[in-house]
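Only one chain is included here, represented as structure tokens and corresponding to the form predicted on its own.
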Amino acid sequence: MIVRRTLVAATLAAATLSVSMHASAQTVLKAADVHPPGYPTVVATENMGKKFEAATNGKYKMQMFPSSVLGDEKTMIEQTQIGAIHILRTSLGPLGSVVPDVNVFNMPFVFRNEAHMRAVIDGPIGQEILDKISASPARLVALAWQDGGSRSVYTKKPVRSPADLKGQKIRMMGNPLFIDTMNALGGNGIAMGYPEVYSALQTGVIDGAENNPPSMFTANHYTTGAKYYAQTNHLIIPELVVMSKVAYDKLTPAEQTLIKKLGREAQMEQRVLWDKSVADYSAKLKAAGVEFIEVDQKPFFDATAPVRAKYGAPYADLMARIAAVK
């Protein structure tokens, strides 16, 4: 009986040790996003993690932290730089302060439409910018692009021309280029983290914001009295999936190649999810009483010419190449 108990105990101990060794051998990659579960960027990044786990036979497992639980984008970029976050889906707005080269994509009306933007990021120019990010001192490795859609202004009063923005406080991402863009349009650009926008709209700290329909709906901004969505499309900004260089450097060369390949797959998967979400959330916003206003974009384009002149000077040749992409 004693021998049997000893054998059972030894077997259990061995099993426990095996599980412990397996658990300790698995590396958990922390991924983060400001958007909620089910959002196209979150789903595509999660699927990338699942593929990476499968391809490495469980050596790596991704844990997603959505809904800004690890902070706003500026904070999360800083955490990714030091390796506290391993994979981050981020907007180019706050990243422009860290890697100035991405600001060429941040300028108002640099893309004719979303199809033009996709042709650019899928081609040589898109790869050049990814490489510049990875080669910069920012300690970030750019894995892939994702869609962020067209950004338009939503407010509590209808906007049909730049004159209608006069005196209105409009939230912008934290980048001087965006503040100058809104100021050029006649509004008063206010830099503010994404998680703060809902309460700021609710309390009247700001009069409006600008973003795409999925963000307006999932963040519940339409419930704050912002019932007018003026389709200015003043910014069409691709977004990024980046990896902390601290974490990336710990991968084998084969794993580094793999994570970039899976990032590109996520880029294409997210695009399909994105198009569906824009259609779905636009319909939901309209059903909730939001009025979509078609505007003449030329006055908005003309008003932002000084912004392109100011910030585009270092990128004149690149902007010409972007314009030439069919």
Ligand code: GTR
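Please read all numbers here as calculations on a predicted model, not as lab measurements. Start at 1 and count along the sequence shown; that's the residue number.
Not on display, but discussed next: the form predicted together with this ligand.
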Heavy atoms within 4.5 Å of this ligand in the predicted complex: which stretch in 33-41, 257-265, 53-61, 295-303 meets that? 33-41
Taking Arg151, Tyr194 and Asn212 as a possible spot, do all three reach this ligand in the predicted complex with a heavy atom inside 4.5 Å? yes
Considering non-hydrogen atoms and a 4.5 Å limit, does this ligand approach Thr90 in the predicted complex? yes
I'd like to check something about His86: if you look in the predicted complex, is any of its heavy atoms closer than or equal to 4.5 Å to a heavy atom of this ligand? no
Do Met173 and this ligand come within 4.5 Å of each other in the predicted complex, heavy atoms counted? yes
Even though this ligand is not shown here, does Asp207 get within 4.5 Å of it in the predicted complex, heavy atoms only? no
Heavy atom within 4.5 Å of this ligand in the predicted complex: which residues of 252-279 qualify? none
